[in-house]
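Presented as structure tokens, the chain that follows is alone, the form predicted alone.
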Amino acid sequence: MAIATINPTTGQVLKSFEPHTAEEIEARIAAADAAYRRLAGTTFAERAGWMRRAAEILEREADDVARLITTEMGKTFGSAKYEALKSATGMRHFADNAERYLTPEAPVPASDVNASALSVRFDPIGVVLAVMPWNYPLWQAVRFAAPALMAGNTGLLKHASNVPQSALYLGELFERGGFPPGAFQTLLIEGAAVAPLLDDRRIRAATLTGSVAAGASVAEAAGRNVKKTVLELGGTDVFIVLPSADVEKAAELAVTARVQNSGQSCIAAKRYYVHTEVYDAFADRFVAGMAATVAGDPMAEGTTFGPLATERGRRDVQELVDDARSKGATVLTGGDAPDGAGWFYPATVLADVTPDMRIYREECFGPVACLFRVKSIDEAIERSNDSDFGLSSSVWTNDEGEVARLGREIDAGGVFVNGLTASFPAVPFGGVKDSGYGRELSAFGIREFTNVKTVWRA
């Protein structure tokens, strides 16, 4: 894919960029390594001051940044501005809490290990390579950058090729806040150039949010070089509705769960398992709500969601829907890309989806929901876990016994009860199985790229 801003609302190429040369890449790696030597010697208070100033800059420029995000990947202006402000909030969270998260601790009394003193430190490790996707061009990168920088590491960002201007903005933001030059930089490179970077001894670890194939490639390269990785690789998240749930509220939020960000979210609900006792009531409300959405100009106030980010992405969604329809799935609403400019796709609901259909197992990165009727909580759990993915889940019930079972038995990195899955700076985020490993955010996330160092004294 060319490194370019292509407006998904019109399909027009607005700006193209040449990839960085080998000399430019070398200069950025050297700058990141030099910045690490300086940053590791600064205090939490210094780094927090710089992080808060960067957050202030982002807040001041939120409208301009939102317009840039909307232009590059098509989300509505309102959701793009929310993303910018959420990113600033995340930066402040780690400015306020990094020192507490990384305070040395003693796992046992020193006397238990024949010592007079014992502590475990959390020290920075160096330059970390971040490979980030286009669907949340600021928040995905910031939720790595803020904790990494506050821990004393430096970062190199390889962003998706269709959001280069968002990437360049991030590459300058933290230095504008006061961080040493080189502490966080953008690399304009093609995807094939990522794995070879991990052969460089100055790059000590990597984090990636993206496809399973991309994650496997980076993990393989990192493994050859004995370097740690954190991977978030998407999901086919479930939305379970049981008889005791508030069906009206569940159906209303079920629409948001599928169409927010035009359905292009790893944690968007994709598989809806609804108990037969409330299936009809839920389905009527849910399908009507999906049909009432407006896919249109992302800068217009009346738009529910904008176009898909890429032409290839829309083609992939249509292929999954066509495959399901050809094998007997029922299209309850939507199902066909409209004519005209832009990469729009309507909110779509499929029923009668069976295991021989690709969409039964593959992640559909667009506003398409698969609706299933289940007879019991046991069936809901069994079918939820019948997936190669395990990122998160949204479950709807007011039965405390069911809450306990769902929290314990669903194979996922998160279970959200009577609410939508979301990422919060203070809460760990990540998945299991093909959804990846490791965690972002919270104390768990900031410690991922630290040297957990034992200091023992006789």
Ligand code: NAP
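Residue numbers here begin at 1 and follow the sequence given. Only a predicted model underlies this, so the values are computations on that prediction, with no experimental measurement involved.
Quick note: we don't show the form predicted in complex with the ligand, though the next part is all about it.
Query - Partner contact for residue 134 in the model of the complex: the ligand, 4.5 angstroms, heavy atom - result: Contact check for residue 134: yes, within 4.5 Å of the ligand in the model of the complex.
Query raised in the report: Counting only non-hydrogen atoms and a 4.5 angstroms cut-off, does residue 191 reach the ligand in the model of the complex?
Result: Judged by the heavy-atom cut-off of 4.5 Å, residue 191 is in contact with the ligand in the model of the complex.
Query raised in the report: Could you tell me if residue 74 has a non-hydrogen atom within 4.5 Å of the ligand in the model of the complex?
Result: No, residue 74 is distant from the partner.
**Report entry** is_contact(residue 237, the ligand) in the model of the complex, heavy atom dist at most 4.5 Å
**Finding:** Looking in the model of the complex, residue contacts with the ligand do not include residue 237, since no heavy atom lies within 4.5 Å.
Report task. Using heavy atoms only and a 4.5 Å cut-off, determine which of 260, 384, 186, 161 is in contact with the ligand in the model of the complex. Result -> Partner contact (heavy atom, 4.5 Å) among the options: 161.
Report task. Could you spot which one of 167, 208, 80, 368 gets a heavy atom to within 4.5 Å of the ligand in the model of the complex? Result -> Filtering the options by heavy-atom distance leaves 208.
**Report entry** Candidate spot 214, 218 and 363, all three touching the ligand in the model of the complex (heavy atom, 4.5 Å)
**Finding:** Yes, the whole trio is in contact, each within 4.5 Å by some heavy atom.
Query - Segment assignment from 376-384, 87-95, 228-236, 277-285: heavy atom within 4.5 Å of the ligand in the model of the complex - result: Of the stretches listed, the one contacting the partner is 228-236.
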